[in-house]
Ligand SMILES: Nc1ncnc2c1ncn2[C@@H]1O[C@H](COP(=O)(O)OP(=O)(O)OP(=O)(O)O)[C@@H](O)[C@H]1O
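As a starting point, one isolated chain is supplied in structure tokens, in the form predicted alone.
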């Protein structure tokens, strides 16, 4: 049986190594000896520490620390992609390690696959949110670190039941954040009710939120169910929350504290179970200082705060957003616009965007009215954009615009082949401060794929 095991193990197209709990190698198959640890002395008495390992962002990897962390966390296995440095050669290897007990002794079995030759196997990196991130990326477009942080905040908010306050300038996508929180939460199968608090007068807004009974006021010909009741079991999104009156703030505070409402014209209390997500483009703390907004209500709403970045703060996402809107208007207008000229792209990258994403969308829609070729030219853009930014833009941002443009050319490639050249890739790395993790996330590929391309180009 032992001979059969050795024959089978030596026929495997991957490395198989068994160690004791001190990482002393007890067994190594032929593939591991010849292909992975070529030149290693006899497997017996060798140790897994004899090799030098690096993570794919070139940080020294400690096998001891990793194994100890595995033990401390009560785990019996770990998986890791590492760079193995041996005899002047760098190999990209995938480790799969599992602990087992044999005759009361602890052992580890290492399954190691050499993936250095898979240079063409460049796939999209799914990130850390799984299905959740897929939903988020469908709703909120972007790779900029500021938006990646928003993804994380949305995911955390969705996993809880606390009230959320979303703050940000007009046009930054606050409503989309509310949509995502609801869709990722346990309330996703219940209603999501939206109310624009600035769109109604005080009397109408109170009736809209709380409902009313027949005869409560003129034109109240029948009972009406309010938005709080309609959102029962689900989520209610209160947009422009800073616009509600002082008297309505008091009533809203009671809803938050006691989870009950009273319809207008009635003194009967009704229990409600809904989660409140509110949004504003104003500084509520400033309104509190001027006695316009209640401080106690603010703290009830602001249990979990999400601050949406302006488009000026996430300018690296502008090409991606442009691509999205171009595709959208191609569908709705039956046009076949391929993109923007470099001059038009540079103008959009250096504009200050006071209206944020909504203004960008309007600019692309405006261009679709004027465009007469396959590319949107500078002359097709609105006049205020053609004239230039309304406020100074950092020189570094202008210098990076070309790198962003090249990166977008890659991101549009559905086969995910890194077709940009060395100079262009170095520009994208520079754009992300040479942080390989951020660069890979920005390009929409795995960090391993980025490492392979950098090695191939000699970066």
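Note that the structure is predicted; figures quoted are calculated from it, not measured. Positions refer to the first chain, counted from 1.
The form predicted together with the ligand is left out here; the points below concern that form.
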| Residue contact check: residue 184 to the ligand in the predicted bound form, 4.5 Å heavy atom | no
| task | With heavy atoms only and a cut-off of 4.5 Å, decide whether residue 170 touches the ligand in the predicted bound form. | result | yes
| said: Since only the chain is shown here, I'm wondering whether residue 289 would be in contact with the ligand in the predicted bound form (any heavy atom pair within 4.5 Å). | reply: no
| query | So in the predicted bound form, does residue 344 come within 4.5 Å of the ligand, heavy atom to heavy atom? | reply | no
| task | Counting only non-hydrogen atoms, choose the one of 255-263, 203-211, 378-386, 319-327 that falls within 4.5 Å of the ligand in the predicted bound form. | result | 319-327
| note | Among 176, 83, 270, 193, just one has a heavy atom within 4.5 Å of the ligand in the predicted bound form, namely 176
| remark: Checking 371, 141, 97, 248 against the ligand in the predicted bound form, the residue with a non-hydrogen atom inside 4.5 angstroms turns out to be 141
| Contacts with the ligand in the predicted bound form - residues in 269-287 whose heavy atoms fall within 4.5 Å | 281
